[in-house]
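Okay, so here's just one chain, in structure tokens, the form predicted alone.
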């Protein structure tokens, strides 16, 4: 189980660019999804004339199902510069992998609660850290893609693009660098301040 909390409006606005397609996931909404806050923010963007489409569905972490149900919205997605995703981190990573050439923005932070988390696929993972970094890292989670969970990577121990800790695993930070370079957004990292992780938000169960 999990809860999602809307990021500050100014944080979301700083991450989006140009026209926006909005994707809402209500798959785990019975736990906590900021529906009213999300609707209000989306209404603001719509009034500004920058929204190409809004689609709400369940469990966007199921990539096979998502690819099918988004087909009718292909034109609206193509017309958008940014896909703004209101979901947990697994959903955002799923969308980012599905649209590698698009700017995919996480609108929410994800917090953990004990129990079952949606339809979590093996391809992506969210540690529910409460301070999602996906907008800085091209939709690739540094907490789960890096064996050391570094938020200011990389460590320097990678060899030939593979992880120092697990040589069978591709270095997460090399993946992030490649993704941002392909998007023309490497400046997101070079201009960002040093990230200080707040471990107090890591797991609400421990509070």
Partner chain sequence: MRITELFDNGEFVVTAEVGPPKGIHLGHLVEEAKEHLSGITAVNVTDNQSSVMRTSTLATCAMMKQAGLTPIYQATCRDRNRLALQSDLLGAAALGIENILCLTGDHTKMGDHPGAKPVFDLDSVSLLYTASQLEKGYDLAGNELVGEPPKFAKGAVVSPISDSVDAQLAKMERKVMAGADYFQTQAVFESEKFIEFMERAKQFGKPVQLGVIIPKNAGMCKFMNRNVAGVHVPQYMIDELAADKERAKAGITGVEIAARIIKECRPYCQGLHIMALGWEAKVPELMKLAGL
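These figures come from a predicted structure and were not determined experimentally. Numbering follows the first chain given and starts at 1.
If you look for the form predicted in complex with the partner chain, you will not find it shown, but the lines that follow are about it.
Exactly one of the stretches 65 to 73, 51 to 59, 143 to 151, 38 to 46 approaches the partner chain in the predicted complex with heavy atoms within 4.5 Å, and it is 143 to 151. Contact check for residue 169: every heavy atom lies farther than 4.5 Å from the partner chain in the predicted complex. At a distance threshold of 4.5 angstroms between non-hydrogen atoms, residue 182 is out of contact with the partner chain in the predicted complex. Proximity of residue 189 to the partner chain in the predicted complex: non-hydrogen atoms within 4.5 Å are present.
Though the partner is left out of this view, residue 158 does reach within 4.5 Å of the partner chain in the predicted complex, counting heavy atoms only. Applying a 4.5 Å heavy atom cutoff to the partner chain in the predicted complex picks out no residue from 34 to 68.
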